[in-house]
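One chain comes next, on its own, written out as structure tokens in the form predicted alone.
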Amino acid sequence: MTDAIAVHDAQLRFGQTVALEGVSVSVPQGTCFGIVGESGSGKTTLMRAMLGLQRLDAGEIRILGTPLQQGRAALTRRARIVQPIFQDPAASLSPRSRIRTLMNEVGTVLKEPHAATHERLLVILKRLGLPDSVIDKYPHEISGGQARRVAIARALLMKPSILIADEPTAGLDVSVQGDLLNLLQDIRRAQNITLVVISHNLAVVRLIAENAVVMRAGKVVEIGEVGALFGAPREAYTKELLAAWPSVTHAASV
């Protein structure tokens, strides 16, 4: 089966700073894949490259077997396949528009009647545990947890094959984090969506992902099945990361 996302020898520099150096990653379809690393490791840059928001200096990225192309037209076509959930969902929602307007824009992109979009939206909102009334609010009128779910709702409304979530639990209470992760897993399995989770939090990736890559300074340090990766890491850097998250080490051993 063709990989959902295949990155081959990605190279990128910002001036003298190496952002990505020889990064190769394969994300199997229908799985949850984690990208782990500290701040500055290159994980968010890799995400932006996967989304076509950052052009590589060298290397190749393929989405469902098709080489990723640049430009507005390519970005619009790709939006029907790959949808991001950004770290700050409120910032990704226009503060000047009611949520209903933001959702209707999806129907416009899909060339779908607004009534049909709205009908699908109500089903998604129910699954996400959001009241129908949320669509008549402005982004600043809802909580951070609700904004995260609204961002997920808009992404799902596009009927994507791939979701890429950047720090999906950042800024949320621990109990809400667990609910959100369970929700993402349920949606992934029900709709056979490929889920890519970018996080500095090893506990999140350990709980949700099947495979993961550990990054440092723009390079792949280690990659593999999560149980083996966190249960018996080969590289010293991975061991250092795990030592800073004792709950991950404990979870891997039970």
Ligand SMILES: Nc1ncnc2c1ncn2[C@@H]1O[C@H](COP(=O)(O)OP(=O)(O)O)[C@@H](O)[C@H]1O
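Numbers follow the displayed sequence, beginning with 1. Just so it is clear, the model here is predicted, and its values are computed rather than measured.
Beyond the structure shown, there is the form predicted in complex with the ligand, which is absent from this document and is the topic of what follows.
Remark: residue 206 does not count among the residues lining the ligand in the predicted bound form, judged by a heavy atom distance of 4.5 Å or less. Remark: residue 25 does not count among the residues lining the ligand in the predicted bound form, judged by a heavy atom distance of 4.5 Å or less. Not displayed here, the ligand is approached by residue 41 to within 4.5 Å at the level of heavy atoms in the predicted bound form.
Heavy atoms of residue 241 never reach within 4.5 Å of the ligand in the predicted bound form, leaving it off the interface. This chain is drawn without the ligand; in the predicted bound form, the residue among 199, 211, 194, 45 with a heavy atom within 4.5 Å of it is 45. Heavy atoms within 4.5 Å of the ligand in the predicted bound form belong, among the stretches 186-194, 31-39, 222-230, 65-73, to residues of 31-39. Interface residues of 1-25, taken as those with a heavy atom within 4.5 Å of the ligand in the predicted bound form (partner not displayed): 14, 17, 19, in sequence order.
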